[in-house]
Structure formats: structure tokens, C-alpha cells
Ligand SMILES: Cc1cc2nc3c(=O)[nH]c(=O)nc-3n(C[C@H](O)[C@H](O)[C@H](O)COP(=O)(O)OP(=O)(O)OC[C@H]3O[C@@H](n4cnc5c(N)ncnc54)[C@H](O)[C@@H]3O)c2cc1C
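This document starts with one chain, in the form predicted on its own, laid out as C-alpha cells.
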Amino acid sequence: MTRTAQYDLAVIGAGIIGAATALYLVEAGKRVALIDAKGLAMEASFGNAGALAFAEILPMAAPGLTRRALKWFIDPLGPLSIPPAYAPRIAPWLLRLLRAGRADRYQAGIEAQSRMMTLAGSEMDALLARTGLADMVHHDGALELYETRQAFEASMAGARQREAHGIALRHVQGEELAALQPGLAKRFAYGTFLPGWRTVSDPHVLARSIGEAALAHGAVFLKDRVTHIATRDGGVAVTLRDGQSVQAAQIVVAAGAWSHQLARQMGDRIPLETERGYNTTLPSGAFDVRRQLTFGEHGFVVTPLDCGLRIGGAVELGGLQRPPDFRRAQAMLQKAQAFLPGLNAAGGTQWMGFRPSLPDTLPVIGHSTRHPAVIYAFGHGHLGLTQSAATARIVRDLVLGRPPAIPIEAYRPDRFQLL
């Protein structure tokens, strides 16, 4: 017999976005069910690079992307790849990506991302303070590295955009570069240091701890898969795989790379794609990395975490069904060995996760176009951890009928109908 449980809110997805949203809502006095098939922070929030990347305001869709992308696509193990069999399916998404890179839309995307990042920084500080998790954050900055003057000079347009939005940075060479990261290969002659960049000691532990804080405040965790959602008078019915029915006045869809499938049940077609990210986590002590290192020309970062040294990144636009191609993780590891001479590459653990990505690099946050009781909060790409507290704040504002903390027109679910 079908069982029914009733809540004020059902949050679908217990990654960092869903966990933070559930916490904000229970803090506001709401009865919340947090639903996930795998557990707290077991998908993209489990193995990400651990950055609080508040300086990352530049959209992936940028002028000149077509030229760079064609070069990358030639290398199946390069920074950006699409399996040939998947190319026809992703073609409409790629067209939207290229359109979003037009100069006016690119600039509008920077402005929208900058507003989100400003809110994200203040909200994350407040969230970590009230949950007692602030000591999990390292304030070591990040170092972006370039092999040639040409590549370094090509980064200047983005640097000027960052500086115009109040982001501190410093270009470094020679002894200053070597002091920021000793042991770096001599081929890297140029760098940009971002002193305000932060990393967390372990992204999975942080995300899980935020979810546990939500449960400690009264949220109920349901470990099950959502099979169907339907609006009814007075709310939304969520059907789970085990036959249980969850009735809520409102729901929040924060299911990461699977969110568009649920949105489609509500009649909203949102062009979300899956960036499949790969990494290898080496044992602590593999190399003395002082802060997160970004090898932008090669599409990966190296991050020192409590759980080890994580080498990962790259973008494989390949959907949810294809098996992992761990040659990509191995290729990044081999490059890291060349870039950090003496790196001990033994004993690593490989991982692949699904990043939910939208063509303009901005998330979807807002009410369903057809069902006001449904709120979307997904599509953060590489920036879910970074923007989690800001997203939770905006969702809480919507639930409570308050004006959002920042304008959210740029994140509206129906914006792609205009592209």
C-alpha cells in the first residue's frame, strides 16, 4: 500500500546545492524532506576540485571559443572533448553555447556571474560560521600558470574583467613565481596569483557536513530515487521508487545532472548537458603543492586536500549513459608529472563525476514556468560548491515570498527560449 508523508518542502537532490538549500529552509522553520538515491553528497559533490572559486566570473562561452574548441576537439584526451557518437545529440546545446559567446551576451553573463559570486562569498562565510565549519576553508589563493608569453597575454582580457569587478590578482614571474610554487617545471614562466581564492580541506566532507546540519535542524532524509512528480491542488506529489508518496506544498529540484529530466515532467525543456569531469587523487605527500594550481591551457587543476593531492578537470560532453573513459584521468596525471617534476604518481584513486552544465555557464534558479510550486536550482557546472550558499539564499527568499537577495532575471528557467 502506498504511504504518504507530508512536508512544506521536498528538496530533490542531496548534493551541495540541495544540502545547503535544505539547511536554509529548515532554519526558516520549514518542514523539509531531502531526497537522494545515493546519499548525502555522493555525486559531483563527492569528488570535485574543492575550490571556492569566487573569482571565476568568466563564462565558458566566450568570443573566440569556436577557434579554440576546434583545436581541442582534435585531441580526444584534451581539455574539451565530445565522443563522436554523441555529437549529433549535443549539437543544439553547442549552438546555444556559441550564441552565448557573442560579445553582448558574454558581457551580460559576466555581470550576472559577478553578482552571484558577490552573494556567494558573503553567504558562504555566514553559512560556515553558523555551522562551525569555517576551519575547513584554506585561504591560500590560487596560481594560474602559463607556458608562453602568447598564452599569458591572451589571458589579459579576462584579468581586466576580473579587476573591473573588484577581484584582486597579481601577475608573477621569476623568483616570485617560484616562491609561490617551488619545484614547478621551468617551462612555466608566467603566472597570475589570485589571493582571494579559497579551497576546502575536503569537498565531500564539507558537503556532507552541511547536509548533516540540515538533518540536525529537523530535515528528514529519504534515500530513494524520485520516479515522478506531479502538481496537485495545494502542492506537489513526489513518487519514489519504493512506492512512497511525498506530498509537499513546494518542491525544489536540485538534482544536478539529472534535473532536466524532472523539469521535463513539469513541461519545462531546459538545455542541460553533462560535463563529465575526471580526476586522480594521490596520497598526501605526493608533492608539496602550496595552493591550487591551474594549468588552463591543459584544462586541469591540482589541489592539495586533506584526503590527498587531487589532479583533475577537463570537460567531456558525453551525457549520463556512456561508461567512463579513465584515459582522460591518466592523461592529466601524466601531464602533472611533467609539470611538477618529482611528483609521485603511485597509489592514486580515479574518479569520474557528472557536472550539470548550461550553455551560458549560469545556473537555473527560479519557479517553473508552468507550476509555481516547483522551484529549480541546478545547472551550476563547475561552480556548485562555490555558489551553493547563494543559491540556497535565493531559494529561501522565493519560498518565503521575499524579494531575492540579487536580481535573478539572468537565471530564469525560460531564458533559453530567447536564444
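What you see is a predicted model; the values in this text were computed from it and never measured. Throughout, we count residues from 1 along the sequence that is shown.
Heads up, the form predicted in complex with this ligand isn't pictured, but that's what we're talking about next.
Colleague: If contact means a heavy atom within 4.5 Å, which one of 162-170, 177-185, 80-88, 276-284 is the stretch that engages this ligand in the model of the complex?
Modeller: After filtering at 4.5 Å, what remains is 276-284.
Colleague: For Ile365, is any heavy atom within 4.5 Å of this ligand in the model of the complex, or not?
Modeller: Close contact is absent here: in the model of the complex, Ile365 is far from this ligand, nothing within 4.5 Å, heavy atoms only.
Colleague: Though only this chain appears here, would Gly353 touch this ligand in the model of the complex if you measure heavy atom gaps against 4.5 Å?
Modeller: It does: once this ligand is placed as it appears in the model of the complex, Gly353 has a heavy atom within 4.5 Å of it.
Colleague: Can Ala219 be called a contact residue for this ligand in the model of the complex at 4.5 Å between heavy atoms?
Modeller: Answer no; every heavy atom of Ala219 is more than 4.5 Å from this ligand in the model of the complex.
Colleague: If we define contact as a non-hydrogen atom of the residue within 4.5 angstroms of the partner, is Ala33 a contact of this ligand in the model of the complex?
Modeller: No.
Colleague: Would you kindly say which of Leu358, Ile57, Ala389, Ala44 lies with a heavy atom within 4.5 Å of this ligand in the model of the complex?
Modeller: It is Ala44 that has a heavy atom within 4.5 Å of the partner.
Colleague: So this ligand isn't shown here. In the model of the complex, which residue out of Trp258, Phe339, Phe295, Phe152 has a non-hydrogen atom within 4.5 Å of it?
Modeller: Among Trp258, Phe339, Phe295, Phe152, a heavy atom within 4.5 Å of this ligand in the model of the complex occurs only for Trp258.
Colleague: With the distance limit set at 4.5 angstroms and only heavy atoms considered, check whether Val252, Ile394 and Arg412 all reach this ligand in the model of the complex.
Modeller: Zero of three within 4.5 Å in the model of the complex.
Colleague: Can you name the residues of 130-153 that have a heavy atom within 4.5 Å of this ligand in the model of the complex?
Modeller: Residues within 4.5 Å: none in this stretch.
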